[in-house]
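In the form predicted on its own, a lone chain appears below as structure tokens.
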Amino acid sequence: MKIENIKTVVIIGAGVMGQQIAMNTAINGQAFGYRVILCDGFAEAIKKADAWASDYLESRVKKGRLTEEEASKVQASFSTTTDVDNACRNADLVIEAIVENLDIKKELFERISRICRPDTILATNSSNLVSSKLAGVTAHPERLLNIHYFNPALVMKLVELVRGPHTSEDTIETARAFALNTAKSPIVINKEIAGFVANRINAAVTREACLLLEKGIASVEDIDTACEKGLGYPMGPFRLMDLTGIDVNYFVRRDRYAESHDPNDAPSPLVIEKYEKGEYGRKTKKGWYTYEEQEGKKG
């Protein structure tokens, strides 16, 4: 599949990431005539996505970021459905953004790879599961890769394109051109590795931050301030964990350690403690900080 043939883009999974990937494609892909279909088997998820999309476009118009005409064109190119299989039949590119469960992803890719045309590019947005784990059940695995967006996908520019041993060069090049067409800055990762590039670097920073806290070297707030004011990070490691979810950090570390048996990959004892208390960050109103009306206070 060549980039000039990409016209219908299907996003599977209408959660936060799926919504934002779809909207980013619809807004920034106007010049290329992209038709975007966001699908999810759960009707309630689609209902919420429709409401979110309408509110988002309305807010962009009110803020002067889009004209009413531009918003109408985006709305016209953006649709939702609960019929995942039918949406995939005419797709040129499919990006999966469902739950991080390998068995569920395998069932999905096995099914849609036989519904889609043989040249349709299939991508997983997973930051944790590499596409080679899906290649065995996917028809024509040469068209399969990771296209990893960062949260929030409407804001973050980086997209990681991960080449599996099965992925063709044409697939990588088309995915790279698509990312550029939708206002992203893609990088190509030539070998599959857990965590890819950005998250591995971030994991090393987070691990060191937790060690400093464990040893009583500095407080949560001061470590975050050091990273933000001294190193130029937009958000310190503890604030970032609260945003993405301490439970997510725990699960990723746990699974990586189970695979590598490297103690450096294991969850920090402090993260385990937070996880066991159910203090996951912003989503539970308490993590490393406490949250009241969006204000973060040390917890």
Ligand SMILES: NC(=O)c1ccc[n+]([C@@H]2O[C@H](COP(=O)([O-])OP(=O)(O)OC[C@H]3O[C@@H](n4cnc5c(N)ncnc54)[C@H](O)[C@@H]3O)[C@@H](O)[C@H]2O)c1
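Here the structure is a predicted model, which is why all the values come from computation and not from measurement. A residue's number is simply how far along the shown sequence it sits, counting from 1.
This next part talks about the form predicted in complex with the ligand, which is not shown.
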Interface stretch in the model of the complex with the ligand - options 90-98, 218-226, 186-194, 164-172, non-hydrogen atom within 4.5 Å: 90-98
Proximity of S131 to the ligand in the model of the complex, heavy atoms at 4.5 Å: no
I'd like to know if H148 sits close to the ligand in the model of the complex, meaning any non-hydrogen atom pair within 4.5 angstroms. yes
Does any part of V84 reach within 4.5 Å of the ligand in the model of the complex? Heavy atoms only, please. yes
Residue-level question: is K106 within 4.5 Å of the ligand in the model of the complex, judged on heavy atoms? no
Considering only 17-43, what residues come within 4.5 Å of the ligand in the model of the complex, judged by heavy atoms? M17, G18, D40, G41, F42
